[in-house]
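A single chain, nothing else alongside it, follows as structure tokens in the form predicted alone.
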């Protein structure tokens, strides 16, 4: 069972006021905008938030890749088009929640994976994925 009792730690890091272009380099600004605590940006409801690590390729077209860290909020009521963590017969999965023709389904964001109907008593949405965090350097 997951525990939600521990409040997130606070770590304020420097954030620069200039945006970093992803195209051609530009001179860096020397001024700092202030401090940034990622908990304030990533976690709205600490007591209802947990983290999960994505596995596999089923959500690649949504920008969620194998190994990404997912921030999941259990206090948000899932709506169609949300990316959710669901329990399917005791196992967790991350999928997009849809309701075509009045029937709830979990849809992969990779066309090689089939939709999963969730009208079964062994299926339950656990929370809404609010953010994903990807590691770009292994050192």
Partner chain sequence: MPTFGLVDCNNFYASCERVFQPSLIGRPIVVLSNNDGCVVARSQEAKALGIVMGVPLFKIRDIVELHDVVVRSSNYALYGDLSERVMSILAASAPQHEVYSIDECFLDLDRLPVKDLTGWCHALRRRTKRWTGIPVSIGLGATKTLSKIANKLAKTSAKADGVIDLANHPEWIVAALGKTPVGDVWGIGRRWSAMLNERGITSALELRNAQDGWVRQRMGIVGLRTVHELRGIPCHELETQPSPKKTTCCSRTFGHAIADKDQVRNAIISFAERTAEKIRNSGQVCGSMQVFITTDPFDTSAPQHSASASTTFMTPTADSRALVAAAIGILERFWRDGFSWRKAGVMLLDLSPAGDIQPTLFTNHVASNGLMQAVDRINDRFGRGTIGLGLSAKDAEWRMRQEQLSPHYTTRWQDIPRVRMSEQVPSGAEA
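Since this is a predicted model, take the numbers as computed values, not measurements. Positions refer to the first chain, counted from 1.
This protein has a second form, the form predicted in complex with its partner chain, left out of what is shown; the following refers to that one.
Peer 1: Taking 4.5 angstroms as the cut-off for heavy atoms, does residue 46 touch its partner chain in the model of the complex?
Peer 2: Heavy-atom contact with its partner chain at 4.5 Å: present for residue 46.
Peer 1: Quick check on residue 57: any heavy atom within 4.5 Å of its partner chain in the model of the complex?
Peer 2: Within the cut-off, so yes.
Peer 1: Whether residue 100 contacts its partner chain in the model of the complex should be assessed with a 4.5 Å heavy atom distance threshold; does it?
Peer 2: Residue 100 lies outside the contact set for its partner chain.
Peer 1: Residue 81 versus its partner chain, in the model of the complex: is there a non-hydrogen atom within 4.5 Å?
Peer 2: It does not: once its partner chain is placed as it appears in the model of the complex, residue 81 has no heavy atom within 4.5 Å of it.
Peer 1: Heavy atom within 4.5 Å of its partner chain in the model of the complex: which residues of 55-80 qualify?
Peer 2: Residues within 4.5 Å: 55, 56, 57, 58, 59, 64, 65, 66, 69, 70, 74, 75, 76, 77.
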